[in-house]
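Given as structure tokens, the chain that follows is alone and in the form predicted alone.
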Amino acid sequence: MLDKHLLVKLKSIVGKEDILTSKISREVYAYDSSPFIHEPEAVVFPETTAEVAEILKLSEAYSIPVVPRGAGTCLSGGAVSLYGGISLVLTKMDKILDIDTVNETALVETGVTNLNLQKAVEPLGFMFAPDPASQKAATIGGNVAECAGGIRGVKYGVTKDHVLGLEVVLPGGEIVTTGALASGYGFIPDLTGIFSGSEGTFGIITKILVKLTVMPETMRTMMAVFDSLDKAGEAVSAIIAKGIVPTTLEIMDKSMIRAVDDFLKLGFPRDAEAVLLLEVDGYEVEIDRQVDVIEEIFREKKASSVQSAKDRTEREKLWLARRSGNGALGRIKPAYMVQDITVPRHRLPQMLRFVSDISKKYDITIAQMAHAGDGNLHPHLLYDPDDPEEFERVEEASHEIFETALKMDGTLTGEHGIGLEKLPFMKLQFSEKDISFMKRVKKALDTNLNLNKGKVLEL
């Protein structure tokens, strides 16, 4: 527990209702969506940027670790309090401050959820393109901190491609603005990119100016069924090679298909080795031609069936299946470790096959889905937390998956972040000089190393 004197100071900043110290409260905030569990000493809910700044001034003065936290959907351990201290939960900072349809921007507080922003701008003819599967709960601040991707990433890019400016509180309590929110924008260095994907280790994001995208005139959603993962992966490469950039291009393997169908009873093809979900959007005149080319590719790659959504209801049914994958796996095993290694698109079939082989080698269940259009795989390694031997096999399998992805010129993470989970593997991807440079940047912004201590880099 924190010193009583410090608790009094914290209560004077946020009020006694917005600070939790009971054992059960600390246990609730001891974990995110990863397997890691570490209790904070206090859970604090600021409601303004000024309150965040005052809390960070206390942190600096008393060397108290602070872990910024949104909805806790992080999959790499980034939101757990490894060294105790304060879990700074930002979900009460949830206001949409401005929607500017002329300049196609929205200004939001860090705790606004992705879905609530989508709902606010859709009636105006816009969308916020980043579209993570956890959009119902995940906050925009968390999306920026992890540089989340999502199913629309292949066409529209990841979160950092839609962030125009930030308001950030630095570890000493200084409030700064970057990008289009900064005074003198265009004449000073734009540091927005430094904070996108920094996993809460450089500063606490309190406001975000995001770029909005005009809703497309039309969209078509298709599902192709294959008798092998290889053929599905080859179809992905062939579509991209034709110059078609789908809005979404997702693969689900047999384990994932069956788990989702058991859960939702959608009538999915349970004997299929792979299902490819694809969506294209744009102007009607161009979409018709793209669909013709895609159907031709599916025939060439021996798809056993191709289905097109006839209306919005059928379209939403297909995407509900994709978004329900994580939860549906709980029917097979009580826990899983999900990776997000990314490889060049032409390596996708090879990597999918390798993961399938790893499942057999270690006698574990691995359910695969992937943002196939940008080579971002999500193998879910299922296990029983009460079986330490099985968990050890899962960790060994994960290690091999990381090593193989890097040998294929891939990366450790496409969107989930390094956090705690991938920390031991950083030296596999980065040289000593690379890591040394990252450490210098961290120390320049967080001299006392109090902010999300122990994540991303070993310091």
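The first residue of the shown sequence is 1; numbering continues from there. Here the rigid core means the biggest group of C-alpha atoms that line up within 1.5 Å when the two forms are laid on top of each other. Keep in mind the model is a prediction, meaning the values are calculated, not measured.
Just so you know, the form predicted together with a small molecule exists too; it's not on screen, but the next bit is about it.
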Quiz item: Can all three of P46, S59 and G173 be found with a heavy atom no more than 4.5 Å from the small molecule in the model of the complex?
Solution: no
Exercise. Counting only non-hydrogen atoms, choose the one of 141-149, 258-266, 222-230, 176-184 that falls within 4.5 Å of the small molecule in the model of the complex.
Key: 141-149
Self-check item: Among the candidates S359, S237, S134, T105, the residue which, in the model of the complex, approaches the small molecule to within 4.5 Å (heavy atoms)
Solution: S134
Self-check item: One residue of T342, S196, Q339, T73 in contact with the small molecule, assessed in the model of the complex (non-hydrogen atom, 4.5 angstroms)
Solution: T73
Practice problem: Although the small molecule is absent from this view, report whether S33 comes within 4.5 Å of it in the model of the complex, heavy atoms only. | Solution: yes
Self-check item: E415 within 4.5 Å of the small molecule in the model of the complex, heavy atoms
Solution: yes
Quiz item: If you check in the model of the complex, is L278 within 4.5 Å of the small molecule, heavy atoms only?
Solution: no
Quiz item: I204 near the small molecule in the model of the complex, any heavy atom under 4.5 Å?
Solution: yes
Quiz prompt | Core superposition between this form and the one not shown, C-alpha change of H380 at least 2 Å | solution = yes
